[in-house]
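In structure tokens, one chain follows: the form predicted alone.
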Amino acid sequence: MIRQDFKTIADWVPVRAKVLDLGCGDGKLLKHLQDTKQAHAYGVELSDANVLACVQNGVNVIQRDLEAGLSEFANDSFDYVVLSQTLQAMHHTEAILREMLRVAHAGIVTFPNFGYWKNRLQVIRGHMPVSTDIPYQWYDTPNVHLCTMHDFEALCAKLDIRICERVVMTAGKRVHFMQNLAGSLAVYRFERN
């Protein structure tokens, strides 16, 4: 069963597109894009176990720390660069967004929305949020930059990035009303302005 945010990403990626997935995990998204869109898919992953899983899934993967940038990739070498539920774990958030749009015409980002009402409620009650989309305790989380949808959109405006489409979900279902409050996961497609 494929995650709903992966289905949204696949809907945006055209057939035979060149796709780079940053922090690709076990390669399930790229495998899905290869199988359904005949995508020319490549992943970047740090974890030894996930690199092995990518190879077992038949996905091309490079082992690399994303914080070091994407200097090994030429300008405009991909159609899309994907950063799925990894943005919040990046120390150099602005730099990775710029790099995504240097190596590709468009980018796709998904992240847990810290503005989701259940996250806000947990903070009001005196605790850091823990949920399906933010599954870590404060002391063992890889997340360093949690943001809301409004925060992300403000950063895109600052970086002169044009947001083309936005899908917001909770428990895999699309949210259409009061998205920053009612949505637990945000998916954005964006391009250079």
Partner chain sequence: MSRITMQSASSTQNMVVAAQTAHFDTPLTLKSGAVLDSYDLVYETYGTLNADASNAILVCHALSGNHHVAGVYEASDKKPGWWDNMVGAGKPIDTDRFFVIGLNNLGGCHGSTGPKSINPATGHAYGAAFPLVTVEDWVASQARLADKLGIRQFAAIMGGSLGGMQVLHWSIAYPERVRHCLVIASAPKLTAQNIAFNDVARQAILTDPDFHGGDYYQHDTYPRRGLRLARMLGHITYLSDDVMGSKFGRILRQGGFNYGYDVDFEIESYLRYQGDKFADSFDANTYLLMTKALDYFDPTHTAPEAGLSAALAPAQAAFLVISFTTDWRFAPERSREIVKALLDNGQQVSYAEIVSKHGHDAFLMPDAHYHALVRAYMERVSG
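Numbering follows the first chain given and starts at 1. Keep in mind that this is a model prediction, so the values were computed, not measured.
Separately, the form predicted together with its partner chain exists; it is not shown, and the next lines address it.
The listed set Ile62, Ala157, Met128, Cys164 contains one residue whose heavy atoms approach its partner chain in the predicted complex to within 4.5 Å, identified as Ile62. Here is the short version: of Val168, Leu66, Met149, Val51, the single residue with a heavy atom within 4.5 Å of its partner chain in the predicted complex is Val51. Only one segment in the set 128-136, 42-50, 149-157, 22-30 has residues whose heavy atoms sit within 4.5 Å of its partner chain in the predicted complex; it is 42-50. Among residues of the shown chain, Glu94 is not one whose heavy atoms approach its partner chain to within 4.5 Å in the predicted complex. When its partner chain is considered in the predicted complex, Glu72 lines it closely, a heavy atom lying within 4.5 Å.
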